[in-house]
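First, one chain by itself in structure tokens, the form predicted on its own.
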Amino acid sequence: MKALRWTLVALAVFGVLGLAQAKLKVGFIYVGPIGDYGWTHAHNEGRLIAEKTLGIETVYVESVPEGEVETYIDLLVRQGCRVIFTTSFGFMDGTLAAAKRYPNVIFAHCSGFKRAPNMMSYMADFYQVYYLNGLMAGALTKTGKIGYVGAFPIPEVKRHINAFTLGVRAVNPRATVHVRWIYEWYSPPAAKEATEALIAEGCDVFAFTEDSPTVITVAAAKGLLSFGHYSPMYDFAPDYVVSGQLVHWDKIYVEFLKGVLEGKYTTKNLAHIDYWWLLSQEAVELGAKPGMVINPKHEAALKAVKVKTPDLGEISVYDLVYARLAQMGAPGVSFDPFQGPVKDRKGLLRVPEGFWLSYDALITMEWAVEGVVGPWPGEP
């Protein structure tokens, strides 16, 4: 009897040790190909850094249609994934349904707002960086028309276009941002067609939400400026990329998965966990590429344009970009792109003077600010 008891104890200890030593298996579901050099490429870079940093095992599925996410979640669960990240807004409802079916699996959904005991949400958001790029775009446009190639008209993309437009008009109050929707996250042909149409309308500076460098290369072929999106795109047009948005998904992935490994995050306590990380958390970065905040080829032009601001007085756009970057990047954020007064393009006051938009208002944004031109599905 004593021998049997010691055998059972030994097996229990071995089992615990084996579990502790086994690598955590984490799955990632991507909406585009990892070679898109945009959103999915950036998420995959974050996955690789997390894998190396934490010593975990990761797997991924790429180019998953948003309506089929549950099929691929089932696949990853069967493969033994105990944590699954779904990385597109359109995956939200499918992820929530799967979280209810698999209560012992941890889920994390990117860019959405629905959660469950075993499902958190997260976003490294660019609205602050888009505002800074808008400041530069407003200073550099000669026609007063700036083009924006939008993917889908969801709150995230609308928030970014609005922040960009507010930056443009803070420098150039008469400038307008012309939007073309392509209803694709990754479609170089659609992005090319939209860019060419915007050029025909007279747009001479470009920003976009499409996960390839297509807008940049099409604009550069006409000698026109642009701002990179998600991944460093400077090398695709070194003379014409002014700056851009850079993301560091690894900041979130490492932090959250470290919490999982330490037992801080479980399948029971995620309903109120939402990582909303911005400049001050170093999850996002302003730059044409890492270490290059502004392309030196365009510094002189930005220094030559002066604007008057309520808090900084007269200042060059070049210095204004760095000043606002410092204000939004510090732990105690002292400036926000949506600080009032802000009106929508129908003239309705959306943010009164002295107020900032709340987090809930930002993530559910449907209205368009003054200066946005073009269709705006869902506009109230």
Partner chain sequence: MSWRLRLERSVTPSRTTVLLVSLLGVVAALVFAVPVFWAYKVSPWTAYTTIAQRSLGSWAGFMEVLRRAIPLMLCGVGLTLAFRARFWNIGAEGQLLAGAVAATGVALFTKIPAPWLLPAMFGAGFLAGALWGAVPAVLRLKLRVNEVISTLMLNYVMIYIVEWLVHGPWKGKTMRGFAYTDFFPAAAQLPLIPGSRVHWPTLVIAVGAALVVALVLSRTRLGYEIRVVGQSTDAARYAGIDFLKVMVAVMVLSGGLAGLAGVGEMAGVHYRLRSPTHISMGYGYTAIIVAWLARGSPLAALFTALLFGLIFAAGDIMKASLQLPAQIVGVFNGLILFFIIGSELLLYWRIKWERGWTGKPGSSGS
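Numbering follows the first chain given and starts at 1. The structure displayed is predicted, hence computed values, not measured ones. Here, rigid core means the biggest group of C-alpha atoms that superpose within 1.5 Å across both forms.
Here the subject shifts to the form predicted together with its partner chain, a form of this protein not shown in this document.
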Requested in this report: Run the contact test on 188, 201 and 222 with a 4.5 Å heavy atom cut-off to its partner chain in the predicted bound form and return yes or no.
Outcome: no
**Report entry** Among the candidates 59, 312, 48, 54, the residue which, in the predicted bound form, approaches its partner chain to within 4.5 Å (heavy atoms)
**Finding:** 59
Query raised in the report: Of the options 89, 277, 256, 234, which one has a non-hydrogen atom that comes within 4.5 Å of its partner chain in the predicted bound form?
Result: 89
Report task. Answer for residue 196 alone: is it within 4.5 Å of its partner chain in the predicted bound form, judged on heavy atom distances? Result -> no
Report task. Using a 4.5 Å heavy atom cut-off, state whether residue 122 contacts its partner chain in the predicted bound form. Result -> no
Query - Contact test in the predicted bound form: residue 287 vs its partner chain, heavy atoms, 4.5 Å - result: no
**Report entry** Interface membership of residue 366, its partner chain in the predicted bound form, 4.5 Å heavy atom rule
**Finding:** yes
**Report entry** its partner chain in the predicted bound form: contacting segment from 153-161, 293-301, 240-248, 203-211, heavy atom within 4.5 Å
**Finding:** 153-161
Requested in this report: For the stretch 66-105, return the residues whose heavy atoms include at least one within 4.5 Å of its partner chain in the predicted bound form, in the order they occur.
Outcome: 66, 67, 68, 70, 71, 72, 75, 76, 78, 79, 89, 90, 93
Query raised in the report: residue 62: CA shift of at least 2 Å between the shown form and the other one after core fit?
Result: yes
Query raised in the report: So with the core overlaid, does the Cα of residue 193 end up 2 Å or more away between the shown form and the other one?
Result: no
